[in-house]
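So this first bit is one chain, no partners, the form predicted alone, shown in structure tokens.
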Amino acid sequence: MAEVLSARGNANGVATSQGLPNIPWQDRPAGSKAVVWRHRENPVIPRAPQPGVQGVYNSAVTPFGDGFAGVFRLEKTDRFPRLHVGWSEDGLDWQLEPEPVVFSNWKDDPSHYAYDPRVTAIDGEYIVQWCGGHNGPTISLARTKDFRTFERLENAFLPFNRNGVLFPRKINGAYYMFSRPSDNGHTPFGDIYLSESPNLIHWGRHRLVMRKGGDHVGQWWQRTKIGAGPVPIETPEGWLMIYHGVIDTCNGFVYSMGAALLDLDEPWRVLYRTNQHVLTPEADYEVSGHVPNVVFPVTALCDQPTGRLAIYYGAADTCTALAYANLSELVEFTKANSAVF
């Protein structure tokens, strides 16, 4: 299935249209007023989809050819995080490559872990971003056109950093990428920054975008840290950034989903930001797992003509789940329930 192309892709399978009519979709449950609702058959990738695999989660999905490709955080029984490619015709039934991604130009160090990837289609290719181990966690990058051969780029930042998310187009001639400067653990920092690059190699002009919440703003659901999630979606109202917010409770961290709208030309400028989560751990597969109480959004596929959003998220650091929203409804909810700080 990975070799098949369609009118949505160019000769390399890179998406060239805003229409994605074949993304997964289920209507909002009858009687529900939720702005984001769960796929009824969650999780779409279960706890152990293959022998010897203990978890597939916090993983990136993108349209490719007639179907979808993805780069997945996969952990076997050694629990060491590695990147694996996956293929799907419908975005629901996934075939995962048994061997991890290999970089054609990079002598791999088996001690260098890789987790929480994102994939951005830009400039006729796919750029993979992930948290890589290089004297501590930092933002690693690679490029591919076919999800078979990957060329490693230089790491974007010094340690310690997480949640690198690249915008889907240049803005005023420059690439932009979110990150969250951090430490080697979980974490005295917790704010989202934006960095600029002319070439995906040299990064600078680091700007603060959003701070974590707390008592001073009455935002406990995101009081410990926040981090960018899926690739931002361009709308007439601004860049829609779906993100995670974390609270530290007496029983550990709780990761929830929120949303923000950023200025189209100055994406470090926040226009609106949800003052409440739009999805929080409640389902069994979100509450119970290797790391309980985690909803970690990573991919948002949008069919622009219908406004349908399919949001992939990691659940309890164990499995991959799916939720849905309507783009215009989520934008309006963010504007109507906003606290910018």
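Residue numbers here begin at 1 and follow the sequence given. All of these numbers come straight from a predicted model, not from anything done at the bench.
Although it is not shown, the form predicted in complex with another copy of the chain is what the next lines describe.
- Only one segment in the set 22-30, 40-48, 62-70, 298-306 has any non-hydrogen atom within 4.5 angstroms of another copy of the chain in the predicted complex, and it is 40-48.
- Contact annotation for residue 146: none of its heavy atoms lies within 4.5 Å of another copy of the chain in the predicted complex.
- Another copy of the chain is not shown here, but in the predicted complex it comes within 4.5 Å of a heavy atom of residue 80.
- Mapping the unseen interface onto this chain, residue 293 counts among the residues with a heavy atom inside 4.5 Å of another copy of the chain in the predicted complex.
- Residue contact with another copy of the chain in the predicted complex: residue 196 places a heavy atom within 4.5 Å of it.
- Taking a 4.5 Å heavy atom cutoff to another copy of the chain in the predicted complex, the contact residue among 271, 171, 158, 102 is 158.
- The contact residue chosen from 167, 203, 87, 239 relative to another copy of the chain in the predicted complex is 203, the criterion being a non-hydrogen atom within 4.5 angstroms.
- In the predicted complex, the residues of 245-270 lying within 4.5 Å of another copy of the chain by at least one heavy atom are, in order, 247, 248, 249, 250, 251, 252, 253, 254, 255.
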